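The form predicted on its own is given below as one chain in structure tokens.
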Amino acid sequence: MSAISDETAPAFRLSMLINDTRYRSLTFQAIALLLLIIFMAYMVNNLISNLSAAGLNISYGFLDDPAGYDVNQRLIEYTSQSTHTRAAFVGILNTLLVAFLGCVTATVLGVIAGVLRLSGNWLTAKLMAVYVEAFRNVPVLIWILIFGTFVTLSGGPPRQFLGDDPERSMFLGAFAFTNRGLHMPSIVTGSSAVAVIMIFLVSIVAAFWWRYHVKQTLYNTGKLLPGWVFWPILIVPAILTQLVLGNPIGLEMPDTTANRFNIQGGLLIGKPLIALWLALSVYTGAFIAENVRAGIQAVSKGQTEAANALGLRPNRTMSLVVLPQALRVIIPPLISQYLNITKNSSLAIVVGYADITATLGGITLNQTGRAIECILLVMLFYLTISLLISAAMNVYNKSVSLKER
């Protein structure tokens, strides 16, 4: 009987790093990484050498100095005597505010326009096509300037809403658009407001769990549970808590009688924020509309016909058959559009909106002369927020992606 000897693997040789396909890709990646590290080290060393030759150094001590300038729109307390650090936080919050508002509004506009582009009504479909093509093919900076000019020239002086016999009445008794911006009710909270907020957050989780349970029950058993229960779960507990605790969360209405020259109280949304918000929303909404249209058209018509044959109503067909499949096409480019809104907000300075680029990357930079430090911080902020948005949306994209066996 002959013995069968095991084949031994050939000994590793340096030439295998190039000749062997198992190691070649790793070799090239290692070389590329090494070259990148050498290049970055050279650039940093060159920067430090040039700064030393000019008698300069990298320091962030200026962030503790008084800023010395005002910010028109702010979400936290701030004065001209606040530090540059606080001014930077004001700019960060303003950037996050307009980015959040822009993403929400652009999504709503994009979904509506994308669906209407597929409408059987010829006029509706063509109007949406004109909207999409007009905004997609004109730079966003131009649209920001257009909306900024339009909003700036709109609205009259506040005195037309003041006095015992005003020239105009406030819309719904709570809203007024003047040359200073939009006056609207503001939320005021009491000592027990935290309980109401916590109950509302728990209600949000419970409501979306119910929606998930309804969908899983339908898929697994074919039984359709009442979907309208979502809304009572969402709002009823918070409303009951609000009433039981004596309304700790209320509204402060704009007052037109306390001052002869301006509307007092309430919340004032400045015109720069309105202009930037509208421009970014309408511009990006055109791109999202095309993503939505492409996602819906990517779903085979046979899916809709099969759902109709089973007796599903059109709204059920859209929510249970078409939309879940379309989301797999819509979400990936939608992530890019959310990132574009966040980064395009850096153009806010053209309408006088104080975002992070205008505060830390603009006024603070000019006052302190610390260009490198300020630009590095601004770059770090945009990098961080972009990675966070991308990570969050990728998690959602993974949840709606096709699950293969």
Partner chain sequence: MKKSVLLGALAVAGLAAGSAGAATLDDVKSNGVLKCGVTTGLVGFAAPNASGEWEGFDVAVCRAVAAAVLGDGNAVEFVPTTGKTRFTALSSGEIDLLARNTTWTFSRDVDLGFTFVGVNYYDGQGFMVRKDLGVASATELDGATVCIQTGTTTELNLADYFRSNNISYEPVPIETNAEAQQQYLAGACDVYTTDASGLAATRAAFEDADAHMLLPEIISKEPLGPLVRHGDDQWGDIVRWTLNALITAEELGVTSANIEQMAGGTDNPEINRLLGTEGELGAMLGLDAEWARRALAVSGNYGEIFAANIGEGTPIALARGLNAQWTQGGLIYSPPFR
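All values derive from a computational prediction rather than experimental measurement. Only the largest set of C-alpha atoms that superpose within 1.5 Å between the two forms is called the rigid core. Numbering follows the first chain given and starts at 1.
Form predicted together with the partner chain: not shown, discussed below.
Proximity of residue 30 to the partner chain in the predicted complex falls outside the 4.5 Å heavy atom cutoff. In the predicted complex, residue 337 stays away from the partner chain, with no heavy atom inside 4.5 Å. For the chain shown alone, residue 86 is not a contact residue for the partner chain in the predicted complex, no non-hydrogen atom being within 4.5 angstroms. The closest heavy atom approach of residue 260 to the partner chain in the predicted complex falls within 4.5 Å. Contact with the partner chain in the predicted complex, defined as a heavy atom within 4.5 Å, is made by all three of 152, 361 and 370. Residues with any non-hydrogen atom within 4.5 angstroms of the partner chain in the predicted complex fall in just one of 69-77, 283-291, 102-110, 169-177: 69-77.
A single residue from the set 137, 315, 81, 121 has any heavy atom within 4.5 angstroms of the partner chain in the predicted complex; that residue is 81. Residues of 14-53 lying near the partner chain in the predicted complex, listed in sequence order, are 39, 42, 46, 50, the criterion being any heavy atom within 4.5 Å. Comparing the forms between this form and the one not shown, the C-alpha position of residue 46 differs by 2 angstroms or more, with the core used for superposition. Core-superposed comparison between this form and the one not shown: CA of residue 332 displaced by less than 2 Å. The rigid-core alignment places the CA of residue 265 2 Å or more apart between this form and the one not shown.
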